[in-house]
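A single chain, nothing else alongside it, follows as structure tokens in the form predicted alone.
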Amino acid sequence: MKKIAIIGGTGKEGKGLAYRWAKHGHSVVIGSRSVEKAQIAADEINALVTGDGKDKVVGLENSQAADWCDYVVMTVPYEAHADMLCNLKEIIKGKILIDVTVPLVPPKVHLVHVPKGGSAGLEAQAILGDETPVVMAFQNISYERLFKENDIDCDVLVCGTSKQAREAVLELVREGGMTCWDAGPLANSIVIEGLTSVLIYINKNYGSREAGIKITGVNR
């Protein structure tokens, strides 16, 4: 059993990830600036989960959630990314940060934006320092797919600061019922983050909301 905090977890992606992990028996805390808002989101997830995952999700304020957990998952919008990391830096020191952030710049979210730090992942590592490993994951999987009961038919690319940190997150992704791949060091996050804008464009151009990626030519 793992303890997972999802910071900014009241959004669609956060709730989708909470559902997948609670469904597989992990304890999940939804973090928010508002405890009431966090608990409402937690109750929504608990209403969907049965069996071993029943009532595994609770809501707390962001700093409380980050302090409680083994793994910290960041699902905040890019404009709140740096401030949130600065606020939680000391609390999450030494824990693995799973960062889902994409540097989207509204209203043209279908265009790839490269931030000054090179990528959201590299910016996160620069803020947190070497003591807190950063792993980027889930940038290319839609909210709608996370709630699918059957095969979600989409792969998760994982890149991060060390092989050990990536392996820990790859295990967590698999435990959420998803197929994943080690996509290398954190420098590769620029490509993974950029793919999100490409998928948004494809969704808009072809009338979908579930465009994703799958790796072919490799034994699964």
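So that there is no doubt, residue numbering starts at 1 and follows the sequence shown. Keep in mind that what you see is a predicted model, and the values were worked out from it rather than measured.
Keep in mind that the form predicted in complex with a small molecule is not shown, yet the notes after this line are about it.
Taken together, T101, L104 and I141 are fully in contact with the small molecule in the predicted bound form: each brings a heavy atom within 4.5 Å.
Of the heavy atoms in S32, some are within 4.5 Å of the small molecule in the predicted bound form. Heavy atoms of A80 reach within 4.5 Å of the small molecule in the predicted bound form, making it an interface residue. Not displayed here, the small molecule is kept clear of K204 by more than 4.5 Å at the level of heavy atoms in the predicted bound form. Among residues of the shown chain, V134 is not one whose heavy atoms approach the small molecule to within 4.5 Å in the predicted bound form. A heavy atom within 4.5 Å of the small molecule in the predicted bound form is found for one listed residue only; from L122, V112, I91, M84, this is M84. Remark: of stretches 63-71, 162-170, 179-187, 33-41, the one touching the small molecule in the predicted bound form is 33-41 (heavy atom within 4.5 Å).
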